[in-house]
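Starting off, we have a lone chain in the form predicted on its own, written out as structure tokens.
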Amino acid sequence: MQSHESRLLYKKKRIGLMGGTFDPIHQGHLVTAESARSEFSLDKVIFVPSGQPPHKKKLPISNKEHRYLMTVLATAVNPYFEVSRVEIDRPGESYAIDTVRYFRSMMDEASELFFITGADAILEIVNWKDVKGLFDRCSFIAATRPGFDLSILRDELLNKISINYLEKIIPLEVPAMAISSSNIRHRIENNRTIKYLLPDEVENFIYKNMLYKKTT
């Protein structure tokens, strides 16, 4: 029988988790992941497309396999990027704490885990499931747009989480954060170009599968 030590995939590593619906994945996601990888000397960034995001229950979401495949296409050229099916294959709603626990179980104590997300999402972190468990297991990289007032992030969270947890939230300015999936979907619905907002492979996949077009 294999020992737990021999089953550990990430020994003495710095791993970034990039969670999201990726509906569709775009250059903003990719630039954020690469910026985080470079800035924090991450050995790998693992993209985790959400299966059933609990905060989007009432919103239309594309087929999870389409979103997974678009993420694979977008990240294939970067040897430091991987895509995980852990949330796509897991039944029920997709919670960050379950994903963080999953990856931490494959890491030794010397390894570090960083959850990469937008500053807007961080402002809502007090509403996430098992916030304490998340902060005990990973640090957060909060991607912000250029010119974002970082004092807002600190002031908003100061009375909601402990100062020790606040110190585990690290801001990262990313120029491409102005691009959004919702804007890309809106442009497609209105027959406007999306070229250079996302990788060519993802653009071709969207048009081939007729995603985000209005149905009558």
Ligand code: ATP
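The model shown is predicted, which means the values in this text are computed figures rather than measured ones. In this text, residue numbers run from 1 along the sequence as written.
What comes next is about the form predicted in complex with the named molecule, which is not displayed.
- In plain terms, the part of the chain that comes close to the named molecule in the predicted complex, with a heavy atom within 4.5 Å, is 117 to 125 out of 68 to 76, 131 to 139, 81 to 89, 117 to 125.
- When the named molecule is considered in the predicted complex, only one residue from S180, S162, N63, S38 comes within 4.5 Å through any heavy atom, namely S180.
- Checking A176, I188, L157, I169 for any heavy atom within 4.5 Å of the named molecule in the predicted complex turns up a single hit: A176.
- The named molecule in the predicted complex is approached by G19, whose closest heavy atom lies within 4.5 angstroms of it.
- The closest non-hydrogen atom of A143 lies within 4.5 Å of the named molecule in the predicted complex.
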